[in-house]
Structures are given as structure tokens and as C-alpha cells.
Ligand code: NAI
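Let's start with one chain on its own, the form predicted alone, as C-alpha cells.
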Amino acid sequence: MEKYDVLVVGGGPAGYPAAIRAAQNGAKVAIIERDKFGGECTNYGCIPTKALLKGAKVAEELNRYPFVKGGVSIDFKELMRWVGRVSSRSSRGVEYLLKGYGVEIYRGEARFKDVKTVKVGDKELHGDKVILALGSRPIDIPGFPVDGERIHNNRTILGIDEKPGSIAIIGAGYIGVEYATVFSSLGSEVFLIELLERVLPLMDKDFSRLMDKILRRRGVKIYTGVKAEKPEIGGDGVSIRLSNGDVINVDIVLVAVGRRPNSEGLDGLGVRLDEKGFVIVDDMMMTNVDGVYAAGDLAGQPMLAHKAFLEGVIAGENASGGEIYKVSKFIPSVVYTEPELVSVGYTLEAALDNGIKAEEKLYPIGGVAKAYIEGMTEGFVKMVVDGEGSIYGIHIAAPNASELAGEATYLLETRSTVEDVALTVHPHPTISEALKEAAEYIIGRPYHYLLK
């Protein structure tokens, strides 16, 4: 049996930062990964989808400008090869870092003998401290068996090498809306099906209205409040009957209805789970079992890579003799559509539900010079504020809004006021000016917006 100070199970965006932090603190560390380092984000989620979006956006943007003559088209096979290279490079980078910090790597399926003893192949490993970073997997829906040919999830869709003439996307959350943006940009006929009453049903309603309008303008056929019934799969495509009686015929289907934690069997090892299967942890990322930690998707919502990074570092620090706590209150959400969407903190509805006497103020980005240069003036900055100017939520729809997510989060974490934002210099011309100008608008002193 090989013994370690810290044993990390899972090499995704929670596991590998945990292993690195523990190694930085002088611990003897091992990590187990059954697939590719970097986990879901690097290999099947964040990185490849953003690369796809970038590739699709390049041609679409160039074709938008009058000074580009002759048109620009995308070679889909080459695009998918490039996406694969981007992901592979990121995955290799993670492995390079782990080796550089002296973390011992084991490849294979982890089989728990007990919560601190794991078998990988013919090896048996024991950790004085164990960090569970098992991640999550796509949710399947009845009647739509993922076969990697006609029916896909977010993993298998990356294996296609021919652009579909048509695609049905089931689920209009951030994954579904991003893929609708990709394939509509590439010229595929896109059907977007959502069981709830609006696209992006868990985000701010103004995001939903904006993206509904933009996607429809792209030619996406949107069905909300509708259920996809069992498909009929044929040699040349898939026929789907909807609960409203409509029938749509497409080449392929993408199921994008969410994810579930890989927590099966952990309760049998004594680790407490909640009703949705997430591992219950405290502010130090420790489970109910002494010396056993959990981080990332396994440890609850939101299931986002940047949240996993944070939790992995906290778990790694505490498992190797440190003492830090999860004190961050705000985790930004980003949707990489066009425009990009950023949401941090409360929506107005959530603020009111929590007893905060707040209102929302929306500032359109149409007057921001950089938005016009980027070719996207449909968007806004919305702040949820109280009568004293305290900010409880920031919601941005703008080109490259993802780059503002960190600033927006910092403003909320530091309890900045609208006045603070208005007095902070933002460079010109940038999209970031929209934050400052929104603050100036809220306090009634804008100089790039005509008050009526």
C-alpha cells in the first residue's frame, strides 16, 4: 500500500488545484484521474465550447463588416480539430503543473475500499487526508438515449466532424443557448426546446428577453413551455414530437438539460449527501468524516469551474495543515453568447424575497463607443440597488462582458456603492465604461446619456 499525506480523487478544476496547493505546503500528494486532466471544463465544457464560439464568431464578425469582400466561410472539420488541440493543450498543461509540483499521478478508475483507501488497477493507495473531487456528468432524459451519432450530450457533440444541417437542442440553459449560438452562426438550422417558460430560465428576465430576440433573429426556432417527447430515430435523422403537437425533423439532437454529481456510493462510505446527491461540506470544505474533504461540482451548486478552483484551493490548504474558510459570497455566472452575459449577486426578485428594499436600474450600452466598434449595441448594465446606493446585484449584457465579471464580483464582495463605481476611472474606449456610466446614470449625473 502506498501512503500519502493527501490523496486527491479527481483531476478536474477542483482536484488539480487542491493537489497543487497541498504540495506547495510540503505534503506528500497523489492524485487519481480516470480520464483527462482538467476534467469536464477543460476537455468537454468551458474550454472547447468557448473555442467553438470563437471559431464561429470569427467568420460571422468578418462577414458583418462592409470592408470584407468575398465572404468568409468556416471549414468545420478544421474547426473541430482546432478545438480539440486547444483542449488537449490545456489538459497537458494541467498535467505538467502537477508533475512540476511533485504530485504523484495515478490513472484509472478509483475504487474505494474505505473512504481513505482507494484501489487503482492493482495499486492500493491510502491518504491521511482525502479530497473528493469526483465532478459531475450530463443528465440523461427518458426516451433520448445518447448514442454519439444521432443523440448527443455535451461530451459526444465534440466528436462530430460534419456540420449538421439541422439540430434540436433540448434545454435552453447556458449550455443550450451557447450551442444554439454556435450552430446558428455556422449556418445550421437550430431548434431550441425548453420545458420552462423562457430561455435562460434561471437567470435575470431581461437576459431571457434579449437572448430570445437575438436568437430568433438568427433564425433559431424557439419552443418554451414545451416538452420533447420520445424521438423516432432513422437512418437520415431524428423526428421529435413536442407536447404541443408539433413535429420537428433534424439531423441530430443535443440533450443539454443539466448535470448531476458523481456521488454514487459515497453515502455507503459514511459521507453525508443532501437530497440532490451533493456532498455536504462546511466552510473549510470538510465533510462529516474527519479528514475527508469535497470540492467542485460534487460539493453543490453552482456547478462552475471558477467555483471549483476556489473550493479546491480551500480543501487543499486545509488538508495540508492550513486553515482557511470559504468566505466568498458571490460567484459570477457567465454565458458566452453574443452579447456575453454576466450575472453576479441578486436579481431584483431575489433581493425582495430576502427582505432587501431594492430596485433595479438598467442602462443601455448603445451609447458606449466600444460597443459600437464591436458591432453589438444591444445590451445593458443592470444594477440592483437600495436607496443608499448599496449594490446587491450586477447583470451585464455586452460584448466581452465576461472580462467584467471579476470587477463586478469585487464590487459586491467589497460592498462598493454606486458612488464608488461612478468615481472610479475606467479607460476609454472600453466596454468597462458601461459599468461607470451605469453608476452615473443611477445617481442622476450621466454625461453620455440624455436624461428626459
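This is a predicted model, so every value here is computed, not measured. One-based numbering along the sequence shown.
A second form of this protein, the form predicted together with this ligand, is not displayed here; the remarks below concern that form.
- Proximity to this ligand in the predicted bound form, defined as a heavy atom within 4.5 Å, singles out one entry of Met303, Met286, Leu125, Leu158, which is Met303.
- Taking Leu196, Leu97, Ala369, Leu362 one by one, only a single residue has any non-hydrogen atom within 4.5 Å of this ligand in the predicted bound form, and it is Leu196.
- Under a 4.5 angstroms non-hydrogen atom cutoff, this ligand in the predicted bound form has Lys50 among its neighbouring residues.
- Interface membership of Gly135, defined by any non-hydrogen atom within 4.5 Å of this ligand in the predicted bound form, is ruled out.
- Contact check for Leu266: no non-hydrogen atom falls within 4.5 Å of this ligand in the predicted bound form.
- The closest heavy atom approach of Glu178 to this ligand in the predicted bound form falls within 4.5 Å.
- Note that among 73-81, 332-340, 309-317, 371-379, the stretch whose heavy atoms approach this ligand to within 4.5 Å in the predicted bound form is 332-340.
- Remark: none of the three candidate residues (Gly345, Ile394 and Val418) comes within 4.5 Å of this ligand in the predicted bound form, counting heavy atoms only.
- Scanning 154-181 for heavy atoms within 4.5 Å of this ligand in the predicted bound form gives Ile170, Gly171, Ala172, Gly173, Tyr174, Ile175, Gly176, Glu178 in sequence order.
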